[in-house]
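Given next, in C-alpha coordinates, is a single chain: the form predicted on its own.
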Amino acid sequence: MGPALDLQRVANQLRGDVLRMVHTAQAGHVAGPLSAGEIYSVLYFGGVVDLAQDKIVLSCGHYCPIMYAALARNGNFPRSELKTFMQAGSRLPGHPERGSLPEVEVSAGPLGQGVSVAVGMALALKIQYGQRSQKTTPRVYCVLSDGEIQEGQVWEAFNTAVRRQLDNLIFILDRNRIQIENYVAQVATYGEVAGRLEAFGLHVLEIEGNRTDKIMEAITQAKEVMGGPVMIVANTVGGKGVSFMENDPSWHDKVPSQDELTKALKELGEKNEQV
(Lines give C-alpha, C1' and ligand atoms only; values in the text may rest on other atoms or scores of the structure.)
Protein backbone atom coordinates (compact mmCIF):
# COMPACT_ATOMS: atom_id res chain seq x y z
CA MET A 1 0.00 0.00 0.00
CA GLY A 2 1.42 3.32 -1.04
CA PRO A 3 0.61 6.82 0.20
CA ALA A 4 -1.21 7.65 3.40
CA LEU A 5 -4.27 8.71 1.40
CA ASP A 6 -4.74 5.10 0.21
CA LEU A 7 -4.50 3.85 3.78
CA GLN A 8 -7.14 6.35 4.82
CA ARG A 9 -9.45 4.94 2.18
CA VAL A 10 -8.78 1.46 3.52
CA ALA A 11 -9.62 2.67 7.03
CA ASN A 12 -13.04 3.84 5.86
CA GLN A 13 -13.62 0.59 3.99
CA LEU A 14 -12.92 -1.28 7.21
CA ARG A 15 -15.35 1.01 9.03
CA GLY A 16 -18.01 0.26 6.45
CA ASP A 17 -17.47 -3.47 7.00
CA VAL A 18 -17.80 -3.01 10.76
CA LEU A 19 -21.13 -1.20 10.47
CA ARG A 20 -22.53 -3.77 8.04
CA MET A 21 -21.44 -6.63 10.29
CA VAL A 22 -22.97 -5.16 13.44
CA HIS A 23 -26.19 -4.23 11.64
CA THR A 24 -26.53 -7.70 10.11
CA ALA A 25 -25.88 -9.40 13.45
CA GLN A 26 -28.01 -6.87 15.34
CA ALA A 27 -25.32 -7.00 18.00
CA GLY A 28 -21.72 -5.97 18.55
CA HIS A 29 -19.65 -2.88 19.25
CA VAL A 30 -19.26 0.19 17.08
CA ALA A 31 -17.46 3.18 18.66
CA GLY A 32 -14.15 1.48 19.46
CA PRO A 33 -13.78 -0.41 16.17
CA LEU A 34 -14.49 2.80 14.25
CA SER A 35 -11.93 4.78 16.25
CA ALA A 36 -9.29 2.16 15.43
CA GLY A 37 -9.83 2.23 11.67
CA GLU A 38 -6.50 3.89 10.87
CA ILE A 39 -4.63 1.69 13.34
CA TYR A 40 -5.81 -1.49 11.64
CA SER A 41 -5.34 -0.03 8.19
CA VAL A 42 -1.66 0.60 8.97
CA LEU A 43 -1.07 -2.69 10.82
CA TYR A 44 -2.38 -4.85 8.00
CA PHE A 45 -1.83 -2.74 4.89
CA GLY A 46 0.88 -0.20 5.72
CA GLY A 47 3.87 -2.45 5.10
CA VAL A 48 5.50 -1.58 8.44
CA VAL A 49 4.52 -4.87 10.09
CA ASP A 50 6.01 -8.17 8.93
CA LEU A 51 2.78 -10.14 8.73
CA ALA A 52 4.72 -13.33 7.99
CA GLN A 53 6.46 -13.43 11.37
CA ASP A 54 5.19 -10.65 13.66
CA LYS A 55 2.18 -11.13 15.95
CA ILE A 56 -0.77 -8.75 16.28
CA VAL A 57 -2.70 -9.08 19.53
CA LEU A 58 -6.09 -7.48 20.09
CA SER A 59 -6.50 -7.12 23.83
CA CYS A 60 -9.74 -5.12 23.86
CA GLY A 61 -11.74 -7.99 22.40
CA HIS A 62 -14.91 -6.02 21.71
CA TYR A 63 -12.97 -4.28 18.90
CA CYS A 64 -12.94 -7.57 16.97
CA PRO A 65 -15.16 -6.39 14.06
CA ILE A 66 -12.35 -4.12 12.84
CA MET A 67 -9.86 -7.00 13.13
CA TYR A 68 -12.13 -9.37 11.21
CA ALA A 69 -12.64 -6.74 8.51
CA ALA A 70 -8.87 -6.23 8.15
CA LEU A 71 -8.20 -9.96 7.99
CA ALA A 72 -10.88 -10.47 5.36
CA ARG A 73 -9.71 -7.59 3.17
CA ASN A 74 -6.15 -8.87 3.54
CA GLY A 75 -7.24 -12.17 1.99
CA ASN A 76 -7.19 -14.37 5.10
CA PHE A 77 -10.76 -15.50 4.51
CA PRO A 78 -13.59 -14.50 2.10
CA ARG A 79 -15.23 -11.14 2.81
CA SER A 80 -18.57 -12.84 2.33
CA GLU A 81 -17.94 -14.63 5.63
CA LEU A 82 -18.20 -11.32 7.49
CA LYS A 83 -21.99 -11.62 7.31
CA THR A 84 -21.74 -14.58 9.71
CA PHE A 85 -20.45 -12.33 12.51
CA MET A 86 -21.86 -13.52 15.86
CA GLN A 87 -23.96 -16.24 14.23
CA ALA A 88 -24.12 -19.78 15.62
CA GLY A 89 -21.16 -21.81 14.38
CA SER A 90 -19.38 -18.77 12.92
CA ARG A 91 -15.62 -18.38 13.01
CA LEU A 92 -16.27 -14.72 13.89
CA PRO A 93 -17.62 -14.59 17.45
CA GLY A 94 -18.46 -11.33 19.22
CA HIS A 95 -15.18 -11.53 21.12
CA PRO A 96 -12.18 -13.22 19.47
CA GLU A 97 -11.43 -16.81 20.33
CA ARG A 98 -8.00 -18.29 19.77
CA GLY A 99 -8.30 -21.09 17.24
CA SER A 100 -11.37 -19.73 15.47
CA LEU A 101 -9.04 -18.27 12.85
CA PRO A 102 -5.30 -18.97 12.48
CA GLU A 103 -4.55 -15.25 12.85
CA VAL A 104 -6.40 -14.81 16.14
CA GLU A 105 -3.62 -14.91 18.72
CA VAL A 106 -5.60 -14.37 21.93
CA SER A 107 -9.05 -15.12 23.31
CA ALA A 108 -10.00 -11.62 24.41
CA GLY A 109 -13.11 -10.91 26.40
CA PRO A 110 -12.09 -9.85 29.91
CA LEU A 111 -10.23 -6.59 29.45
CA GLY A 112 -6.52 -6.56 30.27
CA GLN A 113 -5.71 -10.20 29.74
CA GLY A 114 -4.52 -9.73 26.17
CA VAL A 115 -1.88 -7.28 27.39
CA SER A 116 -0.43 -9.92 29.70
CA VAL A 117 -0.50 -12.55 26.95
CA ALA A 118 1.28 -10.16 24.57
CA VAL A 119 4.03 -9.65 27.15
CA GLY A 120 4.42 -13.42 27.47
CA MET A 121 4.56 -13.85 23.71
CA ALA A 122 7.24 -11.18 23.35
CA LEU A 123 9.28 -12.74 26.14
CA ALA A 124 8.97 -16.18 24.54
CA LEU A 125 10.23 -14.80 21.23
CA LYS A 126 13.19 -13.19 23.00
CA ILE A 127 14.06 -16.51 24.61
CA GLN A 128 13.58 -18.38 21.34
CA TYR A 129 15.74 -16.02 19.31
CA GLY A 130 18.41 -15.65 21.98
CA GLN A 131 21.07 -13.03 21.41
CA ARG A 132 20.04 -12.13 17.89
CA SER A 133 19.63 -8.48 17.06
CA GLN A 134 16.38 -6.88 18.15
CA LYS A 135 15.81 -5.90 14.53
CA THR A 136 15.70 -9.56 13.47
CA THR A 137 13.53 -10.79 16.35
CA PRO A 138 9.81 -11.05 15.54
CA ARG A 139 7.75 -8.35 17.18
CA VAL A 140 4.45 -8.36 19.02
CA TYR A 141 2.00 -5.51 18.42
CA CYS A 142 -0.70 -5.21 21.08
CA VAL A 143 -3.76 -3.00 20.59
CA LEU A 144 -5.51 -1.96 23.80
CA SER A 145 -8.10 0.63 24.80
CA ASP A 146 -8.01 3.46 27.31
CA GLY A 147 -10.96 2.05 29.21
CA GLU A 148 -8.94 -1.14 29.49
CA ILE A 149 -6.12 0.48 31.43
CA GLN A 150 -8.44 0.67 34.42
CA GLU A 151 -7.48 -2.97 34.97
CA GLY A 152 -4.66 -3.46 37.46
CA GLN A 153 -3.39 -6.48 35.52
CA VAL A 154 -2.40 -4.16 32.68
CA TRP A 155 0.01 -2.20 34.85
CA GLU A 156 1.56 -5.37 36.25
CA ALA A 157 2.14 -6.51 32.67
CA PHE A 158 3.76 -3.17 31.79
CA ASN A 159 6.14 -3.59 34.74
CA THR A 160 7.13 -7.07 33.57
CA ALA A 161 7.68 -5.90 30.00
CA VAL A 162 9.96 -3.11 31.18
CA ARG A 163 11.86 -5.31 33.62
CA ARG A 164 12.49 -7.91 30.93
CA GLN A 165 13.53 -5.22 28.42
CA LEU A 166 11.11 -6.40 25.76
CA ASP A 167 12.09 -4.12 22.90
CA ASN A 168 10.25 -6.40 20.47
CA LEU A 169 6.94 -5.34 22.03
CA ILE A 170 4.95 -2.35 20.75
CA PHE A 171 1.72 -1.36 22.46
CA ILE A 172 -0.81 0.80 20.63
CA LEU A 173 -3.27 2.47 22.99
CA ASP A 174 -6.47 3.54 21.25
CA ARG A 175 -7.29 6.53 23.41
CA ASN A 176 -10.77 7.52 22.28
CA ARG A 177 -11.79 8.68 25.78
CA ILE A 178 -15.12 6.85 25.87
CA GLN A 179 -16.24 3.53 27.28
CA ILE A 180 -19.50 1.73 27.91
CA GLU A 181 -22.21 4.33 28.53
CA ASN A 182 -19.84 7.09 29.62
CA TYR A 183 -16.66 9.08 29.10
CA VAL A 184 -13.50 7.59 30.59
CA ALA A 185 -12.91 10.80 32.55
CA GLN A 186 -16.22 10.26 34.37
CA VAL A 187 -15.16 6.78 35.49
CA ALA A 188 -11.43 6.97 36.20
CA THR A 189 -8.88 9.73 36.70
CA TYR A 190 -5.59 9.05 34.95
CA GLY A 191 -4.14 12.52 34.98
CA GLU A 192 -1.56 12.80 32.23
CA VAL A 193 -1.69 9.33 30.67
CA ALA A 194 1.58 9.62 28.76
CA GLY A 195 3.41 10.74 31.91
CA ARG A 196 2.01 7.87 33.95
CA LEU A 197 3.05 5.36 31.31
CA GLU A 198 6.53 6.88 31.15
CA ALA A 199 6.76 6.61 34.93
CA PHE A 200 6.29 2.88 34.53
CA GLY A 201 9.33 2.79 32.24
CA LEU A 202 7.63 2.59 28.86
CA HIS A 203 9.04 4.54 25.94
CA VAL A 204 5.99 6.65 25.01
CA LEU A 205 5.13 8.16 21.63
CA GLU A 206 1.96 10.26 21.59
CA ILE A 207 0.30 10.85 18.23
CA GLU A 208 -2.89 11.83 16.43
CA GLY A 209 -4.29 8.34 16.07
CA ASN A 210 -6.74 8.95 13.24
CA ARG A 211 -3.96 9.89 10.82
CA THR A 212 -2.36 6.99 9.02
CA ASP A 213 0.83 8.92 8.31
CA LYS A 214 1.36 9.59 12.02
CA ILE A 215 0.79 5.93 12.88
CA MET A 216 3.25 4.86 10.19
CA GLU A 217 5.86 7.28 11.54
CA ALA A 218 5.32 6.15 15.13
CA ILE A 219 5.64 2.43 14.35
CA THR A 220 8.77 3.07 12.28
CA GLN A 221 10.26 5.05 15.17
CA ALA A 222 9.16 2.45 17.74
CA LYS A 223 11.02 -0.29 15.86
CA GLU A 224 14.27 1.61 16.43
CA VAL A 225 13.90 1.79 20.21
CA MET A 226 16.30 -0.53 22.03
CA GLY A 227 16.17 -1.89 25.56
CA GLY A 228 12.46 -1.80 26.35
CA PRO A 229 8.86 -1.78 25.14
CA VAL A 230 7.20 1.13 23.38
CA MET A 231 3.75 2.56 24.01
CA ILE A 232 2.14 4.48 21.16
CA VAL A 233 -0.64 6.62 22.63
CA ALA A 234 -2.97 7.11 19.68
CA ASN A 235 -5.43 9.91 20.45
CA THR A 236 -8.53 9.02 18.46
CA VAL A 237 -12.24 9.83 18.24
CA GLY A 238 -14.78 7.22 19.23
CA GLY A 239 -17.12 6.47 16.31
CA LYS A 240 -14.68 8.20 13.94
CA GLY A 241 -15.90 8.81 10.41
CA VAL A 242 -19.61 8.99 11.17
CA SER A 243 -20.71 12.43 12.36
CA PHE A 244 -23.62 11.34 14.57
CA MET A 245 -21.55 8.61 16.22
CA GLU A 246 -18.39 10.56 16.95
CA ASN A 247 -17.47 11.09 20.62
CA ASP A 248 -20.82 9.68 21.77
CA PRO A 249 -20.56 6.95 24.44
CA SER A 250 -24.03 5.65 23.58
CA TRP A 251 -22.54 4.16 20.40
CA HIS A 252 -20.19 1.94 22.38
CA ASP A 253 -22.42 -1.05 21.66
CA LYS A 254 -25.48 0.43 19.95
CA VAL A 255 -26.71 -1.20 16.73
CA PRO A 256 -27.44 1.21 13.85
CA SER A 257 -30.88 1.13 12.30
CA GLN A 258 -31.20 0.71 8.55
CA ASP A 259 -31.55 4.46 8.08
CA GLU A 260 -28.55 5.12 10.34
CA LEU A 261 -26.51 2.53 8.47
CA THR A 262 -27.38 4.11 5.12
CA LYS A 263 -26.42 7.56 6.37
CA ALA A 264 -23.19 6.32 7.98
CA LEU A 265 -22.05 4.45 4.88
CA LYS A 266 -22.72 7.52 2.76
CA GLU A 267 -20.52 9.63 5.03
CA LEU A 268 -17.76 7.01 4.74
CA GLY A 269 -18.06 6.90 0.95
CA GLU A 270 -19.14 3.28 1.11
CA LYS A 271 -21.89 1.48 -0.75
CA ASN A 272 -25.00 0.41 1.13
CA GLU A 273 -24.61 -3.29 0.41
CA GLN A 274 -24.23 -6.53 2.28
CA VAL A 275 -20.72 -7.59 3.30
Partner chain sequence: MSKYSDKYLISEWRTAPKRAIRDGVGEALVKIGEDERVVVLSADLAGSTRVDKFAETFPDRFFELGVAEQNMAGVAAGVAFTGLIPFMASYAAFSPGRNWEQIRISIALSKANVKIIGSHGGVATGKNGPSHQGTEDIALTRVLPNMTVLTPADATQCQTMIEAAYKLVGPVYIRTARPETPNFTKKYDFEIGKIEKYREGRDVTICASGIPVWESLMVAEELAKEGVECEVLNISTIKPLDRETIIESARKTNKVITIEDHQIAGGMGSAIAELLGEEYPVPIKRMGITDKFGLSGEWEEVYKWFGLDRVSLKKAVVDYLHE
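Positions refer to the first chain, counted from 1. For clarity, every value in this text was computed on a predicted model and none was experimentally measured.
Just so it is clear, the following notes concern the form predicted together with the partner chain, a form of the same protein that is not shown.
J.: Identify, from the list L123, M86, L101, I180, the residue with a heavy atom within 4.5 Å of the partner chain in the model of the complex.
T.: Checked against the cut-off, the match is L123.
J.: Of the residues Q153, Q165, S90, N74, which one places a heavy atom within 4.5 Å of the partner chain in the model of the complex?
T.: Answer to the contact question: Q153.
J.: Decide yes or no: are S107, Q113 and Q128 jointly within 4.5 Å of the partner chain in the model of the complex, with each residue judged by its heavy atoms?
T.: Affirmative, all three are within 4.5 Å.
J.: Which among 180-188, 156-164, 77-85, 199-207 is in contact with the partner chain in the model of the complex, heavy atoms within 4.5 angstroms?
T.: Looking at the partner contacts, the answer comes out as 156-164.
J.: Could you tell me if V117 has a non-hydrogen atom within 4.5 Å of the partner chain in the model of the complex?
T.: Result yes; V117 sits at the interface with the partner chain in the model of the complex.
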